[in-house]
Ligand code: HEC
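Have a look below at one chain only, the form predicted on its own, in structure tokens format.
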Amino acid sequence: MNKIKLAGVAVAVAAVVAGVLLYQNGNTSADNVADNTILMKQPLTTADADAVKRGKYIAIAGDCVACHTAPESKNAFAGGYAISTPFGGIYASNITPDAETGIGNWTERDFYRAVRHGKGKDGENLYPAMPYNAYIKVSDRDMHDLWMYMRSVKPVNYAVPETQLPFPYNIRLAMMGWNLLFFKNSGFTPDASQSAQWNRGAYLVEGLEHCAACHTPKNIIGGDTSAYLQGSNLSEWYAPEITSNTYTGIGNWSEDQIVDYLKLGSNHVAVAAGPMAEAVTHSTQHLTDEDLRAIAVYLKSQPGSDRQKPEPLKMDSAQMKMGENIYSINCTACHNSDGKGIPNLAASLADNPAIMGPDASSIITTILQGGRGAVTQGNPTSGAMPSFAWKFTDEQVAAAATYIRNAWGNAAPAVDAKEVAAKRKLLNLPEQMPQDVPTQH
């Protein structure tokens, strides 16, 4: 009987604790500083110009346009982009001032609650593909300026396709439990032991730039793990480690080299591609040099993973020999026989930490699908790589990737043909053409 009573008490205590946590995580009272009247339809005045200008910079730092603009669309912020997640595509909403399909009937407080707390206008829970768990750190001032800027953009009448996730991820009510586990309902708190520059970098990385959304690995239900900024799978791509680790992170990069990468889309080693190319093109290249330097200082201070470089695979294995042959025929024109590439055009494959990460998704996707580097004001030509899906079998792609990951001082696990086949299917790319296709181009 006593055991039953104790169990009942334990359940009651757990329920109270859960209730308190749910209240804390769902408490949006911090957003009450915002206006609660519908102002979207009221014209902006000349007195609003400074706030709009600052808000545009906040929108750029938050990379809002990248997710809220459909590919090839000329209608910025009109939504329709399918954000790729391990659970399926999540369509970004229309955030233009259109009253019917956008946020034209929202109040400033509605906007704050959506951005910082993941709550839709009618109280529905948003998916964390909208990184409100990072934007909760955005200050009241920056939120107000962002709101003023969004009021200034062109209204676009466009109904975004409905997100269709498989069960159980389609149950939005389950986001309450997700928030209980992973949403920390508190703003940015400066670290008094660090410099103003470091704190500015932390504010940008942890909040507006929401770097952890891609670069921190997720658990089975999409929550951030404790491996902060230590690399994460993005389905087609792998967001590499961006900490001080010298093997798979950016510990060997100088602050200047980090700034170059974020401003130009390339540096002495890497060329931004895939989702990172979008982030550089739409966001980081437009940040001030002071903000980019602050980001570099903060990232360089992060301890990172304990990964250490292993011994490279033996060059005399069958897979490595095949990979070397494929590379010498097809890749040396741009990436050179020593793997050092062409500065600001073709990535260096030698001593490139992203190449040696534990997940080979990015190199597999790039070989199969090809890609285009970030286009920036400082490097407008960028570089492009063709698709080789038509030419290489899964075994050949795996061999090329394995060779690249273990040549010129690199060292990383081998890539299996099954990984390539799965990625080919995910990318909806054709199988290799018949064997009479020439092996050179």
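Position 1 is the first residue in the sequence shown; the rest follow in order. Just so it is clear, the model here is predicted, and its values are computed rather than measured.
The same protein also exists as the form predicted in complex with this ligand; that form is not shown, yet it is the one meant from here on.
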{"item": "Stretch in contact, per heavy atom within 4.5 angstroms of this ligand in the model of the complex, of 307-315, 182-190, 151-159, 242-250", "value": "242-250"}
{"item": "Residue contact check: residue 415 to this ligand in the model of the complex, 4.5 Å heavy atom", "value": "no"}
{"item": "4.5 Å heavy atom contact, residue 53 and this ligand in the model of the complex", "value": "no"}
{"item": "4.5 Å heavy atom contact, residue 407 to this ligand in the model of the complex", "value": "no"}
{"item": "Any non-hydrogen atom of residue 114 within 4.5 angstroms of this ligand in the model of the complex", "value": "yes"}
{"item": "Listed residue that, although this ligand is not shown, lies within 4.5 Å of it in the model of the complex (heavy atoms), from 103, 297, 202, 134", "value": "103"}
{"item": "Site check 76, 398 and 426: each within 4.5 Å of this ligand in the model of the complex by heavy atom", "value": "no"}
{"item": "Heavy atom contacts to this ligand in the model of the complex at 4.5 Å, residues of 205-229 in sequence order", "value": "209, 210, 211, 214, 215"}
